[in-house]
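Before any questions on how it binds or moves, here is one chain, the form predicted on its own, in C-alpha cells.
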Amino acid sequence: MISIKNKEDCCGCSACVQACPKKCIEMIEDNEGFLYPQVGASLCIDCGVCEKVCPIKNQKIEQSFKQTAYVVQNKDLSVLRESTSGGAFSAIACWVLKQGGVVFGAGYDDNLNVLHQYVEDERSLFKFRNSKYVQSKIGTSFLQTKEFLQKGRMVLFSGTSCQIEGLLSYLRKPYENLWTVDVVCHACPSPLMFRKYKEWLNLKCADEIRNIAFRDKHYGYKYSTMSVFRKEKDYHEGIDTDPYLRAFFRHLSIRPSCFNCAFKKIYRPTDFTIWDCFDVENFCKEMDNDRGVTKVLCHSSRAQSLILNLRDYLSICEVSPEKIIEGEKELVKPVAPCDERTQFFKDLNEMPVEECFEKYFPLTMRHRIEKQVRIWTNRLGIYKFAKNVFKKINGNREVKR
C-alpha cells in the first residue's frame, strides 16, 4: 500500500485515491492544510495499484522532442480582462466545448474553496479564468475524466504539472480525445493559509466577500494584485502589501513537495504548457498593451495545429522554443526552502490570525511606498527599466513581480 514517510514525496494529486479498486484510500488534511493519502489497512488487498499510478514514484525520464512556441492574446477584451495573462486557455476551451467536449479546471465552490470541476458550456468558463494561488482539491475529477473519455467525449483538463501527470498516470493509457494544458506554477500554497486569509479579511470588514481574484489586473497586468470583491467596498492590494501574496513569495505557505518538485522540466507529457509573458516587448510589440499575454509551448503536432486554428479567438505570434524558455526559472527550477516555514505554520495554527499576520507581514511605510512606486512606474511604462535599476542597486537580488 502507498505510504508517505516524507511529505516531499507526495504532491497531493490523489491519483492513488481514485485508482484504488477497494476505495480504501482517502485524502486527509494535515496541520498545514495539505492533503495526503491515508490507507484503510483492513480493506486493502495489496494490489499495488496505488503505487503504480503515483507520478512521483513512477517518474518518467525527460526526453527531448520537437516543440513549437507562440505568444498569444485573446481578441475578446472581456475574456482578456478576466484572464490572468493572455486568455490562451479560454480560447482552447471554447474550441473543445464547440466540439461537444467537457472542460476541467480549478474553480471556486459556494464557500470560495478551490476545487477541480468541469463545465460543458462557454458561459461557465469564467470559473476557471484567473489564477488560483492555492492548491485545488482534485476530488473525483480524474474518475469523471475517464468516464467522459470512455463515452467518446472530448475532454480538456487543465491544472498544474503535478496534477496533469497524476491524471495521465491514473489513466494508464493514451486517449486521442484527451487534451491537456499545464500551467507553469511557482508552487502550491496551502488551503489552510487561504482559509485564514479569508478569516482575516472578514475581521477587517464584515461586508460579504463575493469573489477573490489572485492575479487581478486592477493596476495593470504587470503588477500582481489580490482583489477581493464585496457588496460595497472592494479590496486591491499587491505583492508589497497583501499578506497572502507576501507569504506565498516568501515560500512560507507552500507544499513541501514544491521544494523538490519532480515536474519542473521543459519537455512535458501535456499538449500545452502556458504561462505569463511579462517580456512581451521582446516578441511582439503590438501585444505590449498591458492587457496580458500568454506564452504557449506546444508539445505535440496536434497542439500546434490547434493553436494555429484559433486565429478567430487569438492574436498569435510564433517564436522559437529556445527563446520563449530563456531565463524562465519557474519552468525548470523548484523554489528554495524558507527557514521560517515550520514556525509560521505553528503560529498560524495557534495564534489569532491578526496577530500572526502582524508578526510575519507588518505593513510599514516602506511597503506602502513600494506599492505606489510599482503602480506608477507601470502606468508610466517604465516598470521594467525601474525593476532592473532596483535589482542592480540591491546586488542583483531577485525582484518579484
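Small disclaimer: the values here were computed from a predicted structure and weren't measured. Note that residue numbering follows the sequence shown and begins at 1.
What comes next is about the form predicted together with a small molecule, which does not appear here.
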> in the predicted bound form, do His116, Tyr133 and Asp276 all put a heavy atom within 4.5 Å of the small molecule?
Replying inline: yes
>> Based on heavy atom distances of 4.5 Å or less, which listed stretch (225 to 233, 172 to 180, 87 to 95, 146 to 154) is in contact with the small molecule in the predicted bound form?
In response: 87 to 95
>> Whether Cys317 contacts the small molecule in the predicted bound form should be assessed with a 4.5 Å heavy atom distance threshold; does it?
In response: no
>> Is it the case that Tyr313, even though its partner is missing from this view, gets within 4.5 Å of the small molecule in the predicted bound form, heavy atoms only?
In response: no
> Even though the small molecule is not shown here, does Glu330 get within 4.5 Å of it in the predicted bound form, heavy atoms only?
Replying inline: yes
>> Test of understanding: in the predicted bound form, would Ser253 fall inside 4.5 Å of the small molecule by heavy atoms?
In response: no
> Tell me, which of Ala303, Cys185, Leu297, Met287 has a heavy atom within 4.5 angstroms of the small molecule in the predicted bound form?
Replying inline: Cys185
> Of the options Ser158, Ser141, Thr270, Ser190, which one has a non-hydrogen atom that comes within 4.5 Å of the small molecule in the predicted bound form?
Replying inline: Ser158
